[in-house]
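Just the one chain here, laid out as structure tokens, in the form predicted alone.
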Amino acid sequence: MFFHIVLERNIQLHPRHFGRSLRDNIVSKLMKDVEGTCSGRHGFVVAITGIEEIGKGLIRDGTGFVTFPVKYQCVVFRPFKGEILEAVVSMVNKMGFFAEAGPVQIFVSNHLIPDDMEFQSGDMPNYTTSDGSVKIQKDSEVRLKIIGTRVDATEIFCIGTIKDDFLGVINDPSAT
């Protein structure tokens, strides 16, 4: 799920970046430091959408660096249990498969894959139905349901299932 929230961060800037473009330098350093990162509490920061406030700088003793408190708006991505996502399969093995939905990696165990699908090893490992009509392999697009999440300080791990109504392969690259 995507959320638009307000966050705060202290940005340290070297004195050589001061001058007319001070605000631009603070914003570009904030974007470089924050976009693409993950906090366990808020999720993955997708993009900074605006700057609400840049506070007065505080000079750090001995270094000359200045710390600016910045309040900014951003879009974050945080997956939740029960959420339905579309993902791209990145790896298939006999234990199940890994799929990626943006920055999140989701593992789908072979116990959470429909019973009529069997693992096929070879140069392109895959899960195939007995009649061969549906195949899950690398680069297949699947619709899955998140049944569990684990949140660390800098990463979010998910477990998913395709063993439910309207879940499974939506686009098979081998069919084209």
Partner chain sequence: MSGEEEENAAELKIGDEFLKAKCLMNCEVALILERKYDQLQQMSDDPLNQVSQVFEKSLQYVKRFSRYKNPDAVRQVREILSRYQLAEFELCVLGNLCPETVEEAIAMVPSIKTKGRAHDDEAIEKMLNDLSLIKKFE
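Positions refer to the first chain, counted from 1. Keep in mind it's a predicted model, so treat the numbers as computed, not measured.
Heads up, the form predicted in complex with the partner chain isn't pictured, but that's what we're talking about next.
S.K.: If you check Leu58, Val134, Ile54, Ile48 against the partner chain in the predicted complex, which one has a heavy atom within 4.5 Å?
M.R.: By the 4.5 Å heavy-atom cutoff, the listed residue in contact is Ile48.
S.K.: My question is simply whether Asp139 lines the interface with the partner chain in the predicted complex - judged by any non-hydrogen atom within 4.5 Å.
M.R.: Although the partner chain is absent here, Asp139 would touch it in the predicted complex, with heavy atoms inside 4.5 Å.
S.K.: Does Gly64 reach the partner chain in the predicted complex if we count a contact as any heavy atom within 4.5 Å?
M.R.: No, Gly64 stays farther than 4.5 Å from the partner chain in the predicted complex.
S.K.: Within 4.5 Å, heavy atoms only: does Phe166 come near the partner chain in the predicted complex?
M.R.: Judged by the heavy-atom cut-off of 4.5 Å, Phe166 is in contact with the partner chain in the predicted complex.
S.K.: Quick one: is Lys29 in contact with the partner chain in the predicted complex, heavy atoms, 4.5 Å cut-off?
M.R.: Flag for Lys29 set to no.
S.K.: For the three residues His14, Arg20 and Asp33, which mark the spot I'm curious about, does each lie within 4.5 Å of the partner chain in the predicted complex through at least one heavy atom?
M.R.: Not a single listed residue reaches the partner chain in the predicted complex, so no.
S.K.: Determine the residues of 1-19 with a heavy atom within 4.5 Å of the partner chain in the predicted complex and present them in sequence order; the list may be empty.
M.R.: If the 4.5 Å heavy-atom criterion is applied to the partner chain in the predicted complex, 1-19 yields Met1, Phe2, Phe3, His4, Ile5.
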